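Take a look at this one chain, the form predicted alone, written out in structure tokens.
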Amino acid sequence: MAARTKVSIRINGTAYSHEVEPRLLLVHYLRDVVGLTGTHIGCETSICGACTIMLNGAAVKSCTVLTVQADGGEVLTIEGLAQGEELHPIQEGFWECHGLQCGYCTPGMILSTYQLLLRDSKPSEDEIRHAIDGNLCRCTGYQHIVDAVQYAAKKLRQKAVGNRILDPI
């Protein structure tokens, strides 16, 4: 039996602690150990982006990170975005603008968008396309995804100033 290592990771605001094999990928830890299956396994080679999560404030492909590398870290997955029954504005944008079809790439797209909008509240279309270029979608043609990101950016700017609307949707 391989040696196991204890890890402690805060995921979506909840502390988790487990003993894991040192070679366990973070995507498998999230899905198989913690039970958060919103993070999808696609290519397992870092090409598709379906496994994108936020780790310590940065969007990363969790198929390229060992769980032991996340020890002591803070993880945000797709399950951590909504507030109860209320969708996060990015999730709402994907819903309202038809930014998803099969939905397989959607969690990764949403978390890549989350990172973009943390850095830039009013990204251009080119900046949006650059931010999501590490995520592959085989269904949408991307235009609806870009529209969803623009929708979310407007919605988040509105929330940033309370109930005062800057840009009507």
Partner chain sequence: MPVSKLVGAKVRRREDPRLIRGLAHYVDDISLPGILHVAILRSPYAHARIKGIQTEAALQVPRVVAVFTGSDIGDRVGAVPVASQNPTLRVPKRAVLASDKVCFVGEAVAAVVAEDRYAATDALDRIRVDYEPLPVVSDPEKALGRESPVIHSEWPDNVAFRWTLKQGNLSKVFKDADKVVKQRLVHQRLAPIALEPRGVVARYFPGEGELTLWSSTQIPHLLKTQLSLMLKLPENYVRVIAPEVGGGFGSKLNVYAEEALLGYLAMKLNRPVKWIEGRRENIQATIHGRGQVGEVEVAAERDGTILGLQYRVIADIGAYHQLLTPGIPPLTGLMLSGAYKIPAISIEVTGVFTNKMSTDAYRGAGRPEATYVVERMMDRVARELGMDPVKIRRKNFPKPKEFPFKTATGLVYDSGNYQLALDKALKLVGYEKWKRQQKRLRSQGRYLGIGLSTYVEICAMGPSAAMPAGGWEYGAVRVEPTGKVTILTGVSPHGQGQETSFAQIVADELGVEIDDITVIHGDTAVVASGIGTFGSRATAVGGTAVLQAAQRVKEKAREIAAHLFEADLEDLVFADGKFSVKGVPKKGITLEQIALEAHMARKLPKKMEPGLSATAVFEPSNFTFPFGAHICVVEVDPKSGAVEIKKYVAVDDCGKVINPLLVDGQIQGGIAQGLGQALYEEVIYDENGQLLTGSLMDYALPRAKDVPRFELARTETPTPVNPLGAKGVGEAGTIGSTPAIVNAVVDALSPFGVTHIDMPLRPEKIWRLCQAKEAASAGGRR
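Residue numbers count along the first chain shown, from 1. Because the structure is predicted, anything quoted here is derived from the model rather than measured.
Missing here is the form predicted together with the partner chain; even so, the following discussion is about that form.
Legend entry - Proximity of L30 to the partner chain in the predicted bound form, heavy atoms at 4.5 Å: No - in the predicted bound form, heavy atoms of L30 and the partner chain never come within 4.5 Å of each other.
Inset, instruction - Give a yes/no on whether I132 approaches the partner chain to within 4.5 Å in the predicted bound form, heavy atoms considered. - result: Contact with the partner chain, yes.
Inset, instruction - May I ask you to state whether Y104 is within 4.5 Å of the partner chain in the predicted bound form, using heavy atom distances? - result: Because a heavy atom of Y104 falls inside 4.5 Å of the partner chain in the predicted bound form, the answer is yes.
Inset, instruction - Examine V60 and determine whether its closest non-hydrogen atom to the partner chain in the predicted bound form is within 4.5 angstroms. - result: No, no contact at 4.5 Å.
Legend entry - All of R10, Q69 and L116 within 4.5 Å of the partner chain in the predicted bound form, heavy atom check: None of them does, since no heavy atom lies within 4.5 Å of the partner.
Inset, instruction - Note that the partner chain is not shown here; using its position in the predicted bound form, name the residues of 13-31 with a heavy atom within 4.5 Å of it, in sequence order. - result: Contacting residues: R23, L24, L25, H28, R31.
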